[in-house]
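First, one chain by itself: the form predicted alone, in structure tokens.
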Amino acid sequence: MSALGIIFSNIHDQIVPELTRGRTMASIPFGGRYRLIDFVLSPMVGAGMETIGVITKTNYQSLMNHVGRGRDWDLDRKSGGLMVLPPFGHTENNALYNNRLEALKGVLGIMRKSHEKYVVMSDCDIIANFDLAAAMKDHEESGADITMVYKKTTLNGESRRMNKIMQLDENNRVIDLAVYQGGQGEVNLGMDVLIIDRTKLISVVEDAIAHGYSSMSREIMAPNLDRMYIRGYEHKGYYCFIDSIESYMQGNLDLLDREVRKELFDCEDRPIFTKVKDSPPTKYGANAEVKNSMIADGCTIEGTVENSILFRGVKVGRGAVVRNSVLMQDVMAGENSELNYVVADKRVVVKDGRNLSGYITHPFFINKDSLI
């Protein structure tokens, strides 16, 4: 089954402004060595997709540094492969796109030249290892116009993300589609992964442009559920949406659970690829103590680390204690400092003797290159 992949790298930037001031949603670091785009790009490669376009908008230098020409995903090819698609102004005031339909308008030429039968579209705000090949097979066999991947879950409270809730009949056909309005209970939560016929998508985008539509789900799909065969495909494994600094911390700390790691990374037919970096092994001092933590290469640990995720090059000084925290690349925790429920962006320096503490529902966030 041939398919063109389209990844929206910026759609949800505004919901985690702390992490996207200088980068896209797609390039947010995760889990000690990964970026969020890895959890979308890898399933596409695993499903046999050979042409994948990444639509960008702003702050995409770190994204380009990470994906490069796609070599680490076997996408460095003369024909097709990985394409980073920089934005260009195409609205009346020459502004950049504001929604998925405007973003797709900018890549209509690529879709028209493509020879793939289907298009798979995805955002970059999810941590999961979903079986995209099975979803594509289900879509083709069912004859659906659109297939939406969803997760059956319980939502509590509000979210900055415009969560799409699907109601399905006994044959997994979508009979109602709406934005989550709050409340509690089990719902079918759309994961913003869509499979659609390429020529159908081109027609939908052209029609949306003619009518001035801005939302594919609200103005095209929801009003036409009786005329379009929109199907749901359930993802039954682990998932985490990154819609706040709290969910970002929780998603990282979830990796300390062996079962979560198995679901994400122990699938032989669906590996999660990332950019390979050669770093020296981590150095542990004579008084270092590490419990239930994930520590990347190139770190220097002289103090105590518990229930934490440490990226490459992190230094924990003598007598320092790091608990329940996420420290990104090249962070330094000074001697006798204490960090608890802290998310520190790249190259943060915490001086000797500092005591910083947040809580699981309100982590203490430190901006990139800060000196505390």
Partner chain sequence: MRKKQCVAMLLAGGQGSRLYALTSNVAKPAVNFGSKYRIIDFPLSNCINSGIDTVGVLTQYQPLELNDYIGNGEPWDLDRTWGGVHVLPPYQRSRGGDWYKGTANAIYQNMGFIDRYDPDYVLVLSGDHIYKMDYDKMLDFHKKNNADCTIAVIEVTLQEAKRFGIMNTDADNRIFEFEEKPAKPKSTKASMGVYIFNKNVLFEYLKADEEDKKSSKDFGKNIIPAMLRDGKRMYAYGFSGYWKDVGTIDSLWEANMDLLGEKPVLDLNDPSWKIYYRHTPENPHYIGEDAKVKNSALAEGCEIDGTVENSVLFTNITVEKGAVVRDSVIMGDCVIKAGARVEYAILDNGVVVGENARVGVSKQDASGIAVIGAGVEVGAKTVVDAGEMVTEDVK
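Values in this document were obtained by computation on a predicted structure and should not be read as measured data. Numbering follows the first chain given and starts at 1.
Just so it is clear, the following notes concern the form predicted together with the partner chain, a form of the same protein that is not shown.
Asks: Go through 164-172, 112-120, 202-210, 253-261 and give me the stretch that gets within 4.5 Å of the partner chain in the predicted complex, heavy atoms only.
Replies: Single hit among the candidates: 253-261.
Asks: Please run the contact check for K105 against the partner chain in the predicted complex: heavy atoms, 4.5 angstroms, yes or no?
Replies: K105 lies outside the contact set for the partner chain.
Asks: Can any non-hydrogen atom of E141 be found within 4.5 angstroms of the partner chain in the predicted complex?
Replies: So E141 does not count as contacting the partner chain.
Asks: Determine whether any heavy atom of R33 comes within 4.5 Å of a heavy atom of the partner chain in the predicted complex, and answer yes or no.
Replies: Contact check for R33: yes, within 4.5 Å of the partner chain in the predicted complex.
Asks: Does A288 reach the partner chain in the predicted complex if we count a contact as any heavy atom within 4.5 Å?
Replies: Yes, A288 is a contact residue.
Asks: Is the partner chain in the predicted complex near all of K57, M64 and G80, within 4.5 Å of a heavy atom of each?
Replies: Not one of the three qualifies.
Asks: Would you kindly say which of Q181, N292, N224, T154 lies with a heavy atom within 4.5 Å of the partner chain in the predicted complex?
Replies: The option sitting close enough to the partner is N292.
Asks: If the cut-off is 4.5 angstroms on heavy atoms, which of these, D243, D131, E302, D145, is the one near the partner chain in the predicted complex?
Replies: Only one option qualifies, and that one is E302.
Asks: Can you name the residues of 342-362 that have a non-hydrogen atom within 4.5 angstroms of the partner chain in the predicted complex?
Replies: Contacting residues: none.
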